[in-house]
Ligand code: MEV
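Presented as structure tokens, the chain that follows is alone, the form predicted on its own.
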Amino acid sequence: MVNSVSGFSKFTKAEKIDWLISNHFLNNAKAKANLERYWNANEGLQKLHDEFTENTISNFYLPFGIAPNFLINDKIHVIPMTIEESSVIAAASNAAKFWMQRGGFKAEVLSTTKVGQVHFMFHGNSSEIDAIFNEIKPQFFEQTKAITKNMDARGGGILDIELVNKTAKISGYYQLQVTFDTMDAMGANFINSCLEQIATTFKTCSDDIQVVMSILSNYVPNCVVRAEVSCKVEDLAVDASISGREFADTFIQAVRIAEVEPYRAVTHNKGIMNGVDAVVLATGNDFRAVEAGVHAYAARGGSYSSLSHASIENGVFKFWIELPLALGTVGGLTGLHPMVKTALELLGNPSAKELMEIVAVAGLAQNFAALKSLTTTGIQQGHMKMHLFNILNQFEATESEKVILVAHFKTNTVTHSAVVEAIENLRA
């Protein structure tokens, strides 16, 4: 039976671990050793990590890899990627190399507007709330000046405030929809602070205004970046087994299937997010917010669909993506986490707009690599070869065994059962 605990957050880290070991683990010594061996030997660095979030008892490491040779807007980038899934970085790197020889990636930020909302109830006449809003709107800007001062100086701030009538959906439901430009910051704390001040000001106007909540939205359909690649169709020929035209036609059909079939679109877009999330995480941004916003964007037409698109026009193949990305290069973990600082320096300390372009390109590259494999050799051939080491490590293969087995699977198909059989034969 699991024991409950009170005051856990006030325990020291050692006390938290001792309580967990006593109440939740059968092998106490092994569990404690596992938690402690992932502490950082540098006490200052460990303390920094402890303070990122609550009730920290250890660290959870993910691989920090790089994908080189990305030619983006005529500039070479080495892209940092934090991800545990095998073959993702290899696939992105292969796509980068493929397109470097064909002009590289082009990327452009289309818009950078973000949204926050004050949700409130008002059961009076709609013309009455319209009049109240129009009268007090200038005060919203005035009352938030102390919060927006620094952002205003950088060229951002509150762009507009609108009253939105949602009574057709819920009786008495209205919004104040506030649009922002937060420049190089992701801006969540800034937006929420502005919204709460606006709500405070608004509540003083009438006893009939009931503010329910004030919060930013992670749906950012007007904070969008576009990335694309293009080349002559004949330049898509990768070997003598398939012509450029055959490759392009099959590739476009695969994209069209993802545009109309939600079951395929989810997996298709998951592959895009393999690239997107890896860079977002490496640069200290909120991948959960990005995921939520991107998938909402994929369903904005009423049915979940592909985020990428492809076409052939006048003999030119084009493959592109448009993604809503609210990213930051200042604030949050960007100035605290040492590896985030390293990742941003690796990228040349980009602005938020430049980071949006890089992240979108990573997603497009990942999607291209996946579709290229799916429509030619099949996805498992490359993926399972990359997954081989995971299986070998699972069976605690020695270094000498790995050398023999890697050589064996250069000419044999990698499957879990085939690797197990090969290990057993080798050890026998």
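Sequential numbering from 1, following the sequence displayed. In this text the structure is predicted, and so the values were computed from the model without any measurement.
Absent from the display: the form predicted together with this ligand. The rest refers to it.
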(request) Within 4.5 Å of this ligand in the predicted complex, counting heavy atoms only, one of 284-292, 214-222, 266-274, 110-118 shows up; tell me which. (result) 266-274
(request) Answer for Glu85 alone: is it within 4.5 Å of this ligand in the predicted complex, judged on heavy atom distances? (result) yes
(request) Decide whether Ala67 counts as a contact residue for this ligand in the predicted complex under a heavy atom distance cut-off of 4.5 Å. (result) no
(message) When the contact criterion is heavy atoms within 4.5 Å, does Ala370 count as touching this ligand in the predicted complex?
(response) yes
(request) Give a yes or no for Leu374: in the predicted complex, does one of its heavy atoms lie within 4.5 Å of a heavy atom belonging to this ligand? (result) yes
